[in-house]
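In structure tokens, the next block holds one chain alone, the form predicted on its own.
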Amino acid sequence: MNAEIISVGTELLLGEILNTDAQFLATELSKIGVDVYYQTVVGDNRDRLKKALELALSRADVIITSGGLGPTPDDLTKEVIAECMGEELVMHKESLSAMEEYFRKINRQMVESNKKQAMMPEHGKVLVNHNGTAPGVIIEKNGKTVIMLPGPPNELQPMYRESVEPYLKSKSEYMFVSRVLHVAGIGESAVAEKLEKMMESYTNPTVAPYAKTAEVRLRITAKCKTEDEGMKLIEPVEQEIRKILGNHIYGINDDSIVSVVCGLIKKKGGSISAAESCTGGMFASMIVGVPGSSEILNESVVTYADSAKMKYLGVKEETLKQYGAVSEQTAREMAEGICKNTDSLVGVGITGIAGPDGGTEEKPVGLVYIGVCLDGKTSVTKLLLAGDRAKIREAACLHAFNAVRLELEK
């Protein structure tokens, strides 16, 4: 079964809002074994929407639309699809009653134009909207299925999960089960090279890498009839990947490098403190984003100026003069200083050049040093990062978490 997603709305074409509906639908459809070969974005125009729909019907089994189900004249999705599918629009009394009740609950008067949303294709299956006024609808005709969903994500996503996903699952003999492995400390090309034979030869499960900031994710996907069957297919492949990549793998599925590190520190009953220069507090902010971080985050200081590094961390003046603020020696003393001053299990020091200015031939933009002090021993990692200022800062933080993880796992 293959699908095409048609996102309707001139605001999408103008870039006024992100097309999160298409991202959500593509992700969810892949989980249940529905291949998405095409995605289309079309404005609120009858002729162009009709052409997009006719093209989709010529090449997809299932067409899912988002948006264009509202009460205004430019909400045309339902009308155009009904015309293309040879369906009459009739008043759906249950939807009208639900709409009237919805307006009563929010203490607003329902205007006449809202009744347009209760007009449904005569032979369509109506999908209840528990979060808004626009019902969804499924039309099956001539071997094709068209599914219309409202545009707002807080309406589309629950409607998909409540009604569309069960419907699509019932139409397919197979399902897809996936497990994602999170890989850090090695680039996408190196991962692909190490797993080249596996990725080329395996057809079920398949192994696919994709890069994120400072990490690579490996999705292992099995085509199966039950989840248990899928996991049995995935297990030996995962174990083989773990043998090849070793401790580069830090987590699975919804894990993040930050949550994994926080969990390791919590397990050891200790705390972490950070001294940040180029990252400007971002490292500590990422920790704060993890629930329960108050149990492990001790202190954090932003020591941008050399004077602050000396005053709060005890970095030696001669170190700064001889090696500079961005150096292995300074990162080491920053980590040791914050660890000692706060009596933490882990002390982290981050110093670098985030750009876009300040780089030299000897010390280019993207040069970052990360010091990690643990149990009186300090390691320093040197990085050469690419990207703009924001990306370099984010990547430096994520690499710092991975450096902490590796030391804790020793």
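Quantities reported herein were computed from a predicted structural model and do not represent experimental measurements. Note that residue numbering begins at 1 and tracks the sequence as displayed.
Heads up, the form predicted together with another copy of the chain isn't pictured, but that's what we're talking about next.
Taking the partner from elsewhere, no residue among Ile138, Asn204 and Val237 has a non-hydrogen atom within 4.5 angstroms of another copy of the chain in the predicted bound form. Taking the partner from the other structure, another copy of the chain in the predicted bound form has a heavy atom within 4.5 Å of a heavy atom of Ser189. At a distance threshold of 4.5 angstroms between non-hydrogen atoms, Cys278 is in contact with another copy of the chain in the predicted bound form. By the criterion of a heavy atom within 4.5 Å, Lys212 is counted among the residues contacting another copy of the chain in the predicted bound form. Another copy of the chain is not drawn, but in the predicted bound form it has no heavy atom within 4.5 Å of Gly246. Only one of Val288, Ile252, Val126, Val90 lies close to another copy of the chain in the predicted bound form, with a heavy atom inside 4.5 Å, and it is Val288. The listed set Leu57, Ile353, Ile32, Val36 contains one residue whose heavy atoms approach another copy of the chain in the predicted bound form to within 4.5 Å, identified as Val36.
Contact with another copy of the chain, judged by heavy atoms within 4.5 Å in the predicted bound form, is confined among 255-263, 224-232, 161-169, 310-318 to 310-318.
Contact residues in stretch 9-25 (any heavy atom within 4.5 Å of another copy of the chain, taken in the predicted bound form) are Leu12, Leu13, Leu14, Gly15, Glu16, Ile17, Leu18, Asn19, Thr20, Gln23.
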